[in-house]
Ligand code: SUG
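Let's start with one chain on its own, the form predicted alone, as structure tokens.
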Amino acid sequence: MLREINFDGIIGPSHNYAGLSLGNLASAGHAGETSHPRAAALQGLAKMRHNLALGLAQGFLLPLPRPNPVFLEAIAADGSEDPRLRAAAWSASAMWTANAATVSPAPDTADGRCHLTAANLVTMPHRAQEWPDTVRQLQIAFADMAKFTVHDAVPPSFGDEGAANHMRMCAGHGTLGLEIFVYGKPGGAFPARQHEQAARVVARRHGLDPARTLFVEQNPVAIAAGAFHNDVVAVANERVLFTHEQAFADPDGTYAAIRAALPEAEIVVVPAGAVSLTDAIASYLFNAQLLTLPSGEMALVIPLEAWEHPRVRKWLDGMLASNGPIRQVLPVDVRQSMANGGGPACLRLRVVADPATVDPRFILDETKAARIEAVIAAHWPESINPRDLGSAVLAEQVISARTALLMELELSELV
């Protein structure tokens, strides 16, 4: 039976605040601060358990090899390189699996298989190194070739940031959907990371019906304000689009196209007069998980920062009182991720599939969560200062921590 599975990234033992992401205001604002990898990973695991307890299917993806020896060799690292390049080799940003790939479920594709295209992430050096290791992991998790096709990244000429700039709307997760690709245009204050041509390549690879595929421009004002991905200003689930008023360059045209393809669509627009772009980006209101609960009701899993923000909270209270399509708001603590610019939605990749067709080593249950928790508590560093990146002692700890987790989960092929 097809159902939505959220694959969260386990936050890696090298989680740090080096401030490498141009246009990510939270990342820049916390650059140079001491991070807490153990607390970060436990917060992420608690969010997974929270969703598991709601009766939802929950998977996970593993941290990538860090410090990345392939990247260090490619930059001829000898200790004299730019410290930011050195820090890139240690980046734990793969924890934000919304950037791992773009996923088209089987009902939408020409060959009836679920297609996943790894994102090339070429705009940022610390992320551009991720996709080969991501593909290795996806090929193991989704190895059933009768059900899945895993594609390499699109050519690096076209920047692709994965599911963070992709939405899917449908009557139900297992039914034919409308896939919406959101791209930016270059020339603004910050780089537009998702290129239109990358989105079109992915759509062609996945065999999507052009009549049920939209390509929508993100509002350059939103990018300039710090919405480096579309999922910072909009999120969709089944028939509902939850969006900021200033998310799209042509909002009226976007809404009309959605309603033409999916007449049952409900569009919940948050006015800029109630929640400004500045407030939306600071609180990550839209970088939330909009989920369908087993009861059929929709719930919005938001970061505590959104719940604690007075103007955002006022709008959320009004929304809940209005008896609209979103019936619950569920705050979670992911502060360590938030400080680096990633909220609840950044931490997960949505895959619609039969869980029985996925490698069970990547599917979470409470017993496995307890085993992962024990490894994190025993092996993850308590804290990392960016000045320590490059330390041989820290490198040994980070490598051994990841290896311990892989051994615990019987995934030695990823060592």
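What you see is a predicted model, and the numbers here were worked out from it, not measured in a lab. When you see a residue number, it is the position in the sequence shown, counting from 1.
Just so it is clear, the following notes concern the form predicted in complex with this ligand, a form of the same protein that is not shown.
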*Can you pick the one in F142, F286, W96, Y183 that has a heavy atom within 4.5 Å of this ligand in the predicted complex?*
W96
_Sole residue of R168, H126, H195, H309 within 4.5 Å of this ligand in the predicted complex, by heavy atom_ = H126
*Looking at the partner-bound form in the predicted complex, is C114 within 4.5 Å of this ligand by any heavy atom?*
no
*Is P105 close enough to this ligand in the predicted complex to count, meaning some heavy atom within 4.5 Å?*
no
_Within 4.5 Å, heavy atoms only: does L64 come near this ligand in the predicted complex?_
no
*Is N340 close enough to touch this ligand in the predicted complex, meaning at least one heavy atom pair within 4.5 Å?*
yes
*asked:* Within 4.5 Å, heavy atoms only, one stretch in 170 to 178, 341 to 349, 217 to 225, 265 to 273 touches this ligand in the predicted complex. Which?
replied: 341 to 349
*Those residues of 204 to 232 which, in the predicted complex, come within 4.5 Å of this ligand by heavy atom*: F228, H229, D231, V232
